[in-house]
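The form predicted alone is given below as one chain in structure tokens.
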Amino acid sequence: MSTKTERLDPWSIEDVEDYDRLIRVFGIERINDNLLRSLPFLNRYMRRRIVFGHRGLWEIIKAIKENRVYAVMSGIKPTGVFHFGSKITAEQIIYFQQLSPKAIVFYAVADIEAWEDNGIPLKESREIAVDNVADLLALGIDYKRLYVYRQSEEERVLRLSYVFARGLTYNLLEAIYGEKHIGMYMSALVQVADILLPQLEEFGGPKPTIVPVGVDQDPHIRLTRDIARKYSREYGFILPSSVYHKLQKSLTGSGKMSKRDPMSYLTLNDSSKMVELKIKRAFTGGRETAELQRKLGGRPEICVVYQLWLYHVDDDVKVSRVFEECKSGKRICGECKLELIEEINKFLEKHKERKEKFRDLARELLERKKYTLESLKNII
């Protein structure tokens, strides 16, 4: 994100360079030690402060301690196979579900946004969504506490978005998102409705809701919290909470990982050969020569390869070793890439095996043949 602008664009492929600045400019609360100590356990994103900020997370912590129902709400556009940036969001959704047996996940297949932003027809996005939900299941979500839906088919979401539209002006939306075509503003309103859906009476009424997203999605959260305030008397909405993770850099080192550039990202369907090709081409923080690197050490803080270690390898000791060996000059980029290729391929091999077992269930969930609203009644 350019330092000249005071706006985040949820649909841009630009990377964010200064997270401290975002905290100052947009009033995001920083994740601190006191907050982390209040959670039952931490995943690697929380431990390593990849999740760096939040809005209202204390409401969720309170619900966990009091054994009350809360919702975990997020969604991903069905524009293609999950890439490793999408994986971060998926694993955060799963983490917040695992924190309490009273947590219910609402997962929106953002097919309206995929159409408006990427031109993906609804019929095409249906099949992509099956693959995406199979990934979510293979990563470990508890499907018995999961409500999956397509935006285009969830009448409650569409109805809410029209209700909320009456209270907004073009000037306000332009101030938040910049100049966009009307369809993009409409898709933003649909996302507001997604976030507030878990609080409708059909789902047990108002409840704390946590939305795990990349920080570039904060404009949607701010708009939703404003609308929740405006309609609190009518619907009883509780302001939704959010947590923000740092964005996964493109493998090229330019911008964030995006489906718009196939060579900029790793996917959960990549073959071992494709993983090898992409990581070998990835941008590093290495020096011009091996000799110079031995002398001066590498720069893991700007290295895409190290970021993959940091974000996607769970072993803290191993990740710490990679960092120290890079900084000291003991580790050379080529060696580091080969070790990472082996690590990523080992994970993907196991993930693909699990995923194939969940394809039928993914389709059943999307077609509302299994674990519908009725099956959640015993929790809500």
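Because the structure is predicted, anything quoted here is derived from the model rather than measured. Don't overthink the numbering: it's just position in the shown sequence, from 1.
This protein has a second form, the form predicted in complex with another copy of the chain, left out of what is shown; the following refers to that one.
Colleague: Heavy atoms, 4.5 Å, another copy of the chain in the predicted complex: which of 156-164, 262-270, 288-296, 85-93 makes the cut? Say which one.
Modeller: Contact-bearing stretch, as computed: 156-164.
Colleague: Within 4.5 Å, heavy atoms only: does residue 182 come near another copy of the chain in the predicted complex?
Modeller: Yes, residue 182 lies within 4.5 Å of another copy of the chain in the predicted complex.
Colleague: Decide whether residue 118 counts as a contact residue for another copy of the chain in the predicted complex under a heavy atom distance cut-off of 4.5 Å.
Modeller: Heavy-atom contact with another copy of the chain at 4.5 Å: present for residue 118.
Colleague: Hey, in the predicted complex, is residue 239 touching another copy of the chain, heavy atoms inside 4.5 Å?
Modeller: Residue 239: no, not in contact with another copy of the chain in the predicted complex.
Colleague: Do residue 110 and another copy of the chain come within 4.5 Å of each other in the predicted complex, heavy atoms counted?
Modeller: Contact check for residue 110: no, nothing within 4.5 Å of another copy of the chain in the predicted complex.
Colleague: Which pick from 137, 173, 130, 251 sits with a heavy atom within 4.5 Å of another copy of the chain in the predicted complex?
Modeller: In short, 173.
Colleague: If you check 196, 189, 221, 104 against another copy of the chain in the predicted complex, which one has a heavy atom within 4.5 Å?
Modeller: None of the other options qualify; the answer is 189.
Colleague: Quick one: name the residues from 301-322 with any non-hydrogen atom within 4.5 angstroms of another copy of the chain in the predicted complex.
Modeller: Stretch hits: zero.
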